[in-house]
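Here you get one chain, nothing else, as structure tokens; it is the form predicted on its own.
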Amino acid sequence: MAAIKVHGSVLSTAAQRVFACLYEKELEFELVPVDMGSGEHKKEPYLSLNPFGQVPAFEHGDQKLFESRAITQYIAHEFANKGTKLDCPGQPIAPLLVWKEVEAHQFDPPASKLNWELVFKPMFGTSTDTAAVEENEAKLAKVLDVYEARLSQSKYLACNCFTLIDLHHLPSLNLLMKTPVKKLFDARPHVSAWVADITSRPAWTKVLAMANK
């Protein structure tokens, strides 16, 4: 099998999405560290792998990809018969397509903004914008109301199987659960049970172990 390389940082939420997918598929890969502190991701030769200067970039033989969700979909398709299925076998594809967009366009924007304000700004020694926190907490709460209704009917978001859609939430969820925003998840029993389920998966535990080294 052609070698798999992931160029990125173990602390990057986007790269963590890809690591989680590779571990779910039980695939071996090489992590090629990118020194973001020195701006390595904004210079050649890295820009030949990801022209937007973001991590991760992905190589599988001659195939080069960027954008974490595109990479995970490629892995799930290319290695369909390995490890966890990550789709809804024998079921219509429509819910998978819908909830993939929900995660990217409804959940991720407020979640990422909250993580920026509550996790990364304090890390960099800059002050949190409380108005931005309040605004994005309100946005996220509306999304989680929709999730609560969905998860009262389905064990996972797309179907009753763990899929890429659930996996895509993991990096942001992991950070949010260490902030006061955790209360939004705890207040919704189906959402809370779903978070506990997906964050305890062995593949995700391996990703956290990488980040904590």
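No experiment lies behind these values; they were computed from the predicted model shown. So that there is no doubt, residue numbering starts at 1 and follows the sequence shown.
Below: the form predicted together with a further copy of the same chain, not depicted.
Contact between V102 and a further copy of the same chain in the model of the complex is found at the 4.5 Å heavy atom cutoff.
Mapping the unseen interface onto this chain, K121 falls outside it, with no heavy atom inside 4.5 Å of a further copy of the same chain in the model of the complex. Proximity of K82 to a further copy of the same chain in the model of the complex falls outside the 4.5 Å heavy atom cutoff. Among heavy atoms of C159, none comes within 4.5 Å of a further copy of the same chain in the model of the complex. Only one of 49-57, 171-179, 184-192, 24-32 places residue heavy atoms within 4.5 angstroms of a further copy of the same chain in the model of the complex, namely 49-57.
Heavy atoms closer than or equal to 4.5 Å to a further copy of the same chain in the model of the complex belong, across 196-213, to no residue whatsoever.
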